[in-house]
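In the form predicted on its own, a lone chain appears below as structure tokens.
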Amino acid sequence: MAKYRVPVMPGDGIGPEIIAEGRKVIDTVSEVDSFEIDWIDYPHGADHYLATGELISEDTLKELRKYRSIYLGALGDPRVEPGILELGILLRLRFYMDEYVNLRPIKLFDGVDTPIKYKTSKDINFTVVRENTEDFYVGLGARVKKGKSHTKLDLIRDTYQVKFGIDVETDAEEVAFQLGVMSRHGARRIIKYAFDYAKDHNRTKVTAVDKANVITNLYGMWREICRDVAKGYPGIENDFAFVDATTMWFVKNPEWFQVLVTPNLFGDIITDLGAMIQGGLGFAAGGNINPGGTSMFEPIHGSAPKYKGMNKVNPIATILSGGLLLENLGLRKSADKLERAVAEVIKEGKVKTYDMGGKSTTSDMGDAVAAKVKTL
């Protein structure tokens, strides 16, 4: 029997509750499909930070780097200043593991309401591939006062280094600036991943999102690289869309899209819109992926501390993230089985959490999906 070791970080707020249901369903799939998951628990989150002062150590990061997949609940706690846990644990993990792909399936299930009138599950079924380590989220910027100043900004990565020395002279009271950075290597690998994903999942079109009509240097290079990569995939259509137009088409004609590839900032924005048109955050699964290294899978919603311990929230996003985790382990058939179980439970409509207009609990939903797995 094949055995897979998977670190798990339940995290904060509702994290432990939703991760428990995700594990329950994955364990059921493993039982049915004759493999084993050995869960390795890690305590990192608010309680651990408040008790020890540690976010996540270099030794722990090195240890986690040995594994293929990590399962994460949610991070964020009102007892800790906003951003500390997210930056110190979540983003540090993403950058340390070079998880340059943020994968967001946008799929409407039969039985889930979408705010878009007349659209059905046949219309909303696409995937956003978001670059996860560059663009305007590299954290390079400054605020300068009137007069002259010099700012040094360094971007140090395993694959490259960039050092900026910026002289500013202004008669304004104060000026703030933020740098977006895109490397040819970084753009090429995320665009290639999107085309490979399309090919592997029987999709025939990749839409590259940008704002090249205004931010010409950054996204002009993005388009250039995309056209070059597309030449290697003659069976896949390639088109471009400005990010503002993309948000419009998400609402008006979501059926146009199959796979979208997008820089970091724009991907962050449009995937939240994607979550809403697929029925809400309770259905929004996500993966932070390094195809050749360690990847991390989590729902895209937060820790929702006001619901902590209430056994109330929808665990489907976490369960579906577990399906992405299984696929990352090479267990595509098991991942498909998990998604089919979710789809059938939703379609039957007997178990509904509060966000679906029902009164079922978090554990009710996990139990229902796990039971459905056994019937497939």
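For every residue, the number given is its place in the sequence shown, counted from 1. Note that this is a predicted model, so its numbers are computed, not measured.
Below, we turn to the form predicted in complex with 3-isopropylmalic acid (IPM), even though it does not appear here.
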property: Residue (of 225, 91, 179, 243) lying close to 3-isopropylmalic acid (IPM) in the predicted bound form, criterion heavy atoms within 4.5 Å; result: 91
property: Of 110, 86, 154, 239, the one that lies within 4.5 Å of 3-isopropylmalic acid (IPM) in the predicted bound form (heavy atoms); result: 86
property: Option from 170-178, 194-202, 253-261, 130-138 whose residues, in the predicted bound form, bring a heavy atom within 4.5 Å of 3-isopropylmalic acid (IPM); result: 130-138
property: Heavy atom of residue 268 within 4.5 Å of 3-isopropylmalic acid (IPM) in the predicted bound form; result: yes
property: Interface residues of 100-118 toward 3-isopropylmalic acid (IPM), as seen in the predicted bound form [heavy atoms, 4.5 Å]; result: 104
